[in-house]
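As structure tokens, one chain now follows by itself in the form predicted alone.
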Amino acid sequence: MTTLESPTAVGSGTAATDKFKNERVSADTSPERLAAIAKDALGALHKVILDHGVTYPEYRVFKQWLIDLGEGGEWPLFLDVFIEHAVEEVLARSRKGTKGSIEGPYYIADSPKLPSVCTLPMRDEDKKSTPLIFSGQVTDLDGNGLGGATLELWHADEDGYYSGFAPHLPDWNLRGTIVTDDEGRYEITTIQPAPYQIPTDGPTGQFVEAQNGHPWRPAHLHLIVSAPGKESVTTQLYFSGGEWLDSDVASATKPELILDPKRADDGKNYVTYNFTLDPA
């Protein structure tokens, strides 16, 4: 339900942009590699223009939309929704362990450390939602448990909002860094997240609407799983039978990442998922 305190596209976009700008990332790309990538990227765009006979009015609309996207702070949102999944597929080619997925724009580092058996921070309102008991084990490729591994877990609430990007939610709501026990096991109590729309009141929403598309993402859990001497995996876990699972606006779902929780007599949903990490 939308309220006066609900996040807007510009509010969420600005928060995501500020977070990314503060990180100031870099890569060791050589000038030769950059030139090759840039040449092919521009060549692909030129081909689209020529193949579709793009007109000057269409070009000017596109130019204005790019300006609006930047001024609205939505570049992280747009790129993470429509581009990141292809970059993640490149990374997946070198991995044998758990399948990865996109990080998305709503990750915040340094969430509170929690023990292997824990409950994520949540509001009293969240406690009225369906409880989800999420457990499993982190192992290496040979099946050995990885004690002291960490699972950074974050997800939306029942209304589809993320703490840190919605002014009505407290800091670290439904976020935590869980440390596994000596055998790499964990058991986390949280709530069943809801599907949500990417913000639709800005340029990204206009982009989706202009194509008669939909802005929905299926319900999911975000995770970054790490252990010393291992490659970390960034992934998302979805829920069988969930809405939008087959038409995710971000094209980020994979069959290997679908959970099938079971409802117990206590009214809670229980599910187990194990993570396997590649050597570093």
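Only a predicted model underlies this, so the values are computations on that prediction, with no experimental measurement involved. The first residue of the shown sequence is 1; numbering continues from there.
Although not depicted, the form predicted together with a small molecule is the subject of the following passage.
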Only one of 196-204, 124-132, 138-146, 88-96 sits within 4.5 Å of the small molecule in the predicted complex by heavy atom distance, namely 196-204
Counting non-hydrogen atoms within 4.5 angstroms of the small molecule in the predicted complex, say which of 69, 237, 233, 250 makes the cut. 250
I'd like to check something about residue 152: if you look in the predicted complex, is any of its heavy atoms closer than or equal to 4.5 Å to a heavy atom of the small molecule? no
Is there a heavy atom of residue 178 lying 4.5 Å or less from a heavy atom of the small molecule in the predicted complex? no
Residue 100, heavy atom within 4.5 angstroms of the small molecule in the predicted complex: no
With the partner left out here, check for me: in the predicted complex, does some heavy atom of residue 104 sit within 4.5 Å of the small molecule? yes
Quick one: in the predicted complex, does every one of 185, 259 and 271 get a heavy atom within 4.5 Å of the small molecule? no
